[in-house]
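Presented below, as structure tokens, is a lone chain in the form predicted alone.
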Amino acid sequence: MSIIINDLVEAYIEGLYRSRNNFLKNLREGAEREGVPIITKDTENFLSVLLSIHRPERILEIGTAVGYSAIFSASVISKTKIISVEMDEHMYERALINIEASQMENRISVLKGDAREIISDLNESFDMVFIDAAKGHYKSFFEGSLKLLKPKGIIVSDNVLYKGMTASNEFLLKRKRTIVKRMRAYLEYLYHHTEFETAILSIGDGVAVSVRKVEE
């Protein structure tokens, strides 16, 4: 059994975290106080490195919440344009306010509605897709994004370990059985997808990174 990932190590890594700017710092603190789900600090650090390497010009985000991850991503790569999709009316309105306050409204667009329907109507192409929405629909989000993803694009799926429930029934809550069953099927689907290479990382609540294969 690995001793690398434990509470003490996680606390140490979290202690190294520094916010990119005061706006994001205040937005994170507010979201955490209210219990609004946003990317964890170590997931944020990982995304910062991934974005810096991949340097996507266009990102499709599925699940906006209060706009934290979209604003963060736009702050990492100055030329990135982001389309984010949010179904919840309240979150959608809050995201618009936060994006305007961050002065990112010319680079981040938020579409309100069911992502499965919205992405089926999009005719744009993206270098990266970030999935962080309803856990039971990740496979539908992934499949719907394929036609929009550029040949060397990547798809990042957040919260795939789902508080450990995906990995072990020891942590499984009865009311979450259907979602966990679907998440397990989703990860099996990713690992056996012939067009992608996928790695699952035990960062935050679990992150899956799927890279479209390039023919030699």
Ligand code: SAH
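Predicted model, so just to flag it, every value in this text is computed and none were measured. Don't overthink the numbering: it's just position in the shown sequence, from 1.
The same protein also has a form predicted in complex with the ligand, omitted here; what follows describes it.
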Next on the checklist: Whether Ile39 contacts the ligand in the predicted complex should be assessed with a 4.5 Å heavy atom distance threshold; does it?
Outcome noted: yes
Next on the checklist: in the predicted complex, is there a heavy atom of the ligand that lies within 4.5 Å of any heavy atom of Phe126, even though the partner is absent here?
Outcome noted: no
Item to check | Heavy atom of Asp114 within 4.5 Å of the ligand in the predicted complex | outcome: yes
Next on the checklist: Contact with the ligand in the predicted complex for Asp88, defined as at least one heavy atom pair within 4.5 Å: yes or no?
Outcome noted: yes
Checklist entry - Of these, 183-191, 59-67, 167-175, 147-155, which stretch puts a heavy atom within 4.5 angstroms of the ligand in the predicted complex? => result 59-67
Checklist outcome for this item: As a check of understanding, the residue in Ala134, Ala101, Val76, Leu122 with any heavy atom within 4.5 Å of the ligand in the predicted complex should be identified as Ala134
Item to check | Contact set, 135-168 vs the ligand in the predicted complex - heavy atom within 4.5 angstroms | outcome: Phe141
